[in-house]
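We've got the same protein chain twice here, in two forms, each standing alone as structure tokens: structure 1 and structure 2.
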Structure 1
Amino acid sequence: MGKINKVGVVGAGMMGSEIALCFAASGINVVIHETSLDLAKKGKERLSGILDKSIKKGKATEEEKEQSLNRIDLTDNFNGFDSVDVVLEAVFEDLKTKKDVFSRLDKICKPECIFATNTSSMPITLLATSVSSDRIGKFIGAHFFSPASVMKLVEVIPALDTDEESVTFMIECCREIGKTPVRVKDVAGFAVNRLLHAMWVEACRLLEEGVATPEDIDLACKFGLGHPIGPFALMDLTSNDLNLKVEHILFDAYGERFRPRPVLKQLVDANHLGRKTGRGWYNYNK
């Protein structure tokens, strides 16, 4: 594996666009694919806002902002993906959608291109079956954490047939963009989500039992455990419908300890999905 010259990112949502920014800010050219150019442009506009905040904090300059954004191209038909060295998939957590993306890219990308999925819960080995036998050794999980432009950790998850050269390449790729990679076995939820959702299930249980409010539980975790953000605020940030979907996957894999709590199901039924809908555990419309 050689130097990374160009990266393809599939998905211009919060996660995909910020992963793209990590590479662009490190001097690497990126092409982002979305189902429409309008969605792709919205993703890039979001990055402009993130960079403006970095400038205000003295962490970036106007010149660096312009350079980073200029390194990002947009497409709605995978133009430019035939020359990328790495593909990072960051579409929503749906098995068929992800497999369709990789199956299509398998026919477009050059043979040596590494395929990485940012799934937070799906088996990497299962997703790897969407590519040809010639590509399967270059298929791997690269689970970034939200917000990807800030969070340092990346879980690197080899599938059953991933070759060691591809693992080493992805680990070095993460380091090149200033991330801290950890190698994790391909199990449901990987490592961090198993820890995180165990805490979230218990936080919901505390709320159901009337032990404390979401606000006070968040304060307790911030000032008692040293967490930068409390569990309910973080659930709102990552979206409660996604959280519920992941907990169903973990429950199927590990049983009772990950059973989704009724209070979370009720919140999702009411479309209180978090920041993206303006209301979740907290009301953001005030």
Structure 2
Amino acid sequence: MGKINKVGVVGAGMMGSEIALCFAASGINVVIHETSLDLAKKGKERLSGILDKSIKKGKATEEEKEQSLNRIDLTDNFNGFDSVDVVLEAVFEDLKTKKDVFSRLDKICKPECIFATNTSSMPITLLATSVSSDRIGKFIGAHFFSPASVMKLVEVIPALDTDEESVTFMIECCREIGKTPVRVKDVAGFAVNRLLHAMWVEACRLLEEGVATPEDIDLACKFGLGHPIGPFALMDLTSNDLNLKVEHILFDAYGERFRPRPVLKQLVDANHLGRKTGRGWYNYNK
């Protein structure tokens, strides 16, 4: 792989901003495009907060913080994207928004630039059709996990027409920023969400059958399986509305084994979405 000199990140939300930080902290220059400079600045300010916490924990220095932040440029008009070696897209999970971004980028970025999407639920092969036939071999999925500055895993997902060189590039690119990439086929839920939701659906069944409480199921997974966090606490973190949406996609793709459980649907109907609404499987307002 040729050296990566500069990376373009699209979207400075929860995922995009921290993906940008992964590259900047590894000494690579980054430019983030957002819909407004204000939003881009907010994303960068969040990073400042994350780096402050790392300093407190002794995992980074003031100097490293300054260097990382100085490597991140902001734009609201794709300024600087003509010289990036790879683009990581992390905009809203909306097909039209993503397709519009990629077709614009296709005209701006250099021909050898790799395009990677962080989508959690859309087929990479479908998104790849947003770019011209000359670029389609360079289109790939790079699925980071939240919080992206901490979690080591990246699922690297070739689309139907992605060339092997681009797969190798993406895998090496992940390693260069200290991540652990795994190669996964372009199927609904990729690998991790299939494993996760299989467990979550079963956790909901246990609850419906009165086998154990959410608290006890979480304790069982932590202390019996060595999970850092139990399924109900994790569902509350990722948001139950999103969890339900993903289970509908998995149900469409794989049938009965992913049918969303009534107890989850009811929770979402009640707007108990998890930490973001103050109540989910647990009550956070107490």
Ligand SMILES: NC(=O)c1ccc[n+]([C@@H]2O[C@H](COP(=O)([O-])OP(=O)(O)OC[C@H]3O[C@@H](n4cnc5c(N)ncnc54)[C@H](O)[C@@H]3O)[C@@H](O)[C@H]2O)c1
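What you are looking at is a predicted structure, and each value in this text was computed from that prediction instead of being measured. Definition used throughout: the rigid core is the maximal C-alpha set that superposes within 1.5 Å between two forms. When a residue number appears, read it as a position in the sequence of structure 1, where counting begins at 1.
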Selected structure - the one that is the form predicted on its own: 1
Exceeds or equals 2 Å, Cα of residue 189 between structure 1 and structure 2, core fit: no
Rigid-core frame, C-alpha of residue 233, shift of 2 angstroms or more between structure 1 and structure 2: yes
Hinge rotation between structure 1 and structure 2 - smaller rigid part turning relative to the larger, in degrees: 11
Rigid core fit between structure 1 and structure 2: Cα deviation of residue 260 in angstrom: 3.2
